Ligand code: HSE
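Just one chain is shown here, as C-alpha cells, and it is the form predicted on its own.
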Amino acid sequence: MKIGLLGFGVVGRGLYDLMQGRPDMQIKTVVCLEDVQLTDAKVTKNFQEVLEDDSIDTVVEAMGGLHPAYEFVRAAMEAGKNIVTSNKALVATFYDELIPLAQEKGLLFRCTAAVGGGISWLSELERTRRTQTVEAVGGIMNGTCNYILDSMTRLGQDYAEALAEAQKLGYAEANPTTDVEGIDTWHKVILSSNIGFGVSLIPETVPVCGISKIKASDVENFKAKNLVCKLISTGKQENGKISAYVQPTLVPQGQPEAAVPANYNLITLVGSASDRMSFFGQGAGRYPTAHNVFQDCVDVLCGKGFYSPYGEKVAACNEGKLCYYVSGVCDSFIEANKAETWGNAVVTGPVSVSEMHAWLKNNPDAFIAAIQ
C-alpha cells in the first residue's frame, strides 16, 4: 500500500509515527502547508502531486474541516484511490455523495476514527449489524463537553472556568462552538445512525442542543436530585421509525454515563440479541485517534470497504416524549407544561423532543436538559 497523507497535524503525525517499520505500507507523499522535513516521504503543498501519482492507491485525509478536504477526497475517489479519513463532518455532510461514489467506483472507504477517536466504535457497529438488528446507538461522544460538565460537577467550577481550563489543556479549541453547541456530536450520531440502521438520515431533521447556556446554579439543582448532566446523543429505530437527536441529559448517579470522567467518551449500542454494549475510551488524542486510522489502513489492505450498504433517505421522527429541566426562560409554553420547580428552574411534564427543540430555537437564551 502506498499512501498519500493529507495533513500532518495531530492525527497525521501520529499515523506517520505508528507506521514506522511497517513493510507493507508506505506513506509516499505528505500534503501540508508547514515546512516539514521527512527522510522517507516527499512533502509538498500541492495536492495534485498525490492525485497524479498512479502508484498511490490510498489517500488518508487528516486535514479536518469541509474544504478543501471534500474537494481533495472527491478528486482522489474519481481518480480511483481508496479513502481513509478521521473527518466526521466531511463524512456526515457529504454522506450521500461519497458513499455511493465509493460503491460506484469499487473503492474502499473507511472512517473509524470519525466517531469515538480512539474507540473502535464504527468497526464494532459494523460487526454487530452483521448478525442482529441494531435498535439504538448513542451516548457521550464529545470529550470537550464531557470535560466541562465533569469539571462543573466535581470541582464546582462555573461554565467559563471549566471551558478555559479545557482550552488550556488542549481539550477545547480557541473557538469551541462546534463542540459546546453539540455540532460535533450531531455529526457523529448521524453517521452512527446511518451505519447502524442502514439509512441516510436527513440532517435537518435531527435536532441538536449544546451546553453553552448551563450555569453553576443548574448543576447545584442537579446535585440536589442526585443527577448528573451529560451531553447525550440518541439514535433509535422502533416500529419502523427512526428518531435521532443530541441534547443535555440528566442521568442518575450510579448510571455508567454519570461516572464518565474528564474528556472520555462512552458510546453505546443496543442490539436485538446482545442488548446493551458500551465502549469506553479516549475520544481524541494523537495516538488513540491515529491508531484507528492505522487500523483502517490495515482493513483497506485486507479489502474491507464501508461499514454498511448505502441506505434510503429517511427523516428522523422525534415524537417521543420526555420531561425537561428548563432554566433561563419561562414563558407561556413552559408554564403550560410545568410539572414542578427546582429552585428558579422549571421541570416540565412529558413533551415531545421535536416540540421542545422547536421551542428552544425561539428561546436561545434558555438551557434545557432531558430527564432520563
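Start at 1 and count along the sequence shown; that's the residue number. Keep in mind that this is a model prediction, so the values were computed, not measured.
What comes next is about the form predicted in complex with the named molecule, which is not displayed.
- Look at 71-79, 103-111, 278-286, 125-133: in the model of the complex, residues with non-hydrogen atoms within 4.5 angstroms of the named molecule sit in 278-286.
- In summary, among the residues Gln237, Thr249, Thr144, Ser151, the only one with a non-hydrogen atom within 4.5 Å of the named molecule in the model of the complex is Thr144.
- Although the partner is absent from this view, Asp179 contacts the named molecule in the model of the complex, with a non-hydrogen atom inside 4.5 angstroms.
- Though the partner is left out of this view, Phe222 does not reach within 4.5 Å of the named molecule in the model of the complex, counting heavy atoms only.
- Heavy atoms of Lys88 reach within 4.5 Å of the named molecule in the model of the complex, making it an interface residue.
- In the model of the complex, the named molecule sits within 4.5 Å of a heavy atom of Lys188.
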